[in-house]
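Shown next as structure tokens: one chain only, the form predicted on its own.
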């Protein structure tokens, strides 16, 4: 990045380190933090929506819908995460390519399955071989978000279903006594009140999601774990900036990053819990009411 970085062997220690930390590979390492944070920002709401849909399906009075909701949560929660993360992107990728193959190349004479190989026409590949590098990266991230959302959506469905059950039945009976329909009481009474019961479980689920992001490395995405291993490994004289094995320091930096991220998350969830508990018939809500009463009497 700097003009004096042309010959690292002639640099002083300070300048050498400055050139080393601003090399193109380190810039890619810094960008990979944005990849992880972007994945979390997209996956969390997607998983929450899938979880809400799964929780509603589990409580449905229509038997096939209820069976689907319970089957989805039981199947995904019963499969190890790493197996699902490796299976889902491959399955979705091949399914999309097979559909494109049937539409674009209907006269293809050879079978798609050839032993253990999966071969489609060049025009049906996803993404195309002529596509830009960012298209390939975006497609990989799309598959990763899909896998993460389905897995954590199943756990969120279980959390939200338990939160819906925890809302006192008397609340729903009161809504029915006031003439509300089942749909109205669900959206106006049950859903607003369930979050205070769901938030502790969702906060734990968020922390697990944060800790699961290193699995991006297994999906072929150059995330922060990939670059930490790549940059921290011992370099030889063939590299511009040879150095000993520094993986300890790189992974220590990742440890600090994840600890900081989880610490900020805990504070945000704690504030959200205080706000949602206000006026609720829970222990936290009762403690707030007593505190407000003591402030007024004082």
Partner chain sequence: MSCWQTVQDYGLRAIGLGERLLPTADITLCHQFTLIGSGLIWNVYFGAMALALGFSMSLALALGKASQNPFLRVPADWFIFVFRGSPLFIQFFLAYEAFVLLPRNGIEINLIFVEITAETRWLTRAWAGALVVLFLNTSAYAGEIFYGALRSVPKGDLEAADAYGMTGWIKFRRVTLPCTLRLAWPSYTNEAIFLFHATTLVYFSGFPAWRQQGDALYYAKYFADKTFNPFVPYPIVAAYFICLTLLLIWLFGTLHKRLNRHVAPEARSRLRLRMQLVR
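All values reported here derive from a predicted model rather than from experimental measurement. Residue numbers count along the first chain shown, from 1. So that the term is clear: the rigid core is the largest set of C-alpha atoms that superpose within 1.5 Å between two forms.
Unshown form predicted in complex with the partner chain; subsequent notes refer to it.
- With respect to the partner chain in the model of the complex, the three residues 10, 25 and 32 uniformly fall beyond 4.5 angstroms at the level of their nearest heavy atom.
- Here the chain stands by itself, but in the model of the complex one stretch of 185-193, 140-148, 88-96, 170-178, 88-96, has heavy atoms within 4.5 Å of the partner chain.
- Contact between residue 127 and the partner chain in the model of the complex is not found at the 4.5 Å heavy atom cutoff.
- Residue 109 falls outside the set of residues with a heavy atom inside 4.5 Å of the partner chain in the model of the complex.
- Put simply, residue 49 is far from the partner chain in the model of the complex: not one heavy atom of it is within 4.5 Å.
- The partner chain in the model of the complex comes within 4.5 Å of a heavy atom belonging to residue 204.
- Residue in contact with the partner chain in the model of the complex (any heavy atom within 4.5 Å), chosen from 221, 120, 199, 215: 215.
- Among 166, 83, 104, 132, the residue placing a heavy atom within 4.5 Å of the partner chain in the model of the complex is 83.
- Taking the partner chain as it sits in the model of the complex, the stretch 31-63 never comes within 4.5 angstroms of it through any non-hydrogen atom.
- If you fit the rigid core between the shown form and the other one, you'll see the Cα of residue 142 move by less than 2 angstroms.
- After superposing the rigid core, the C-alpha of residue 186 moves by less than 2 Å between the shown form and the other one.
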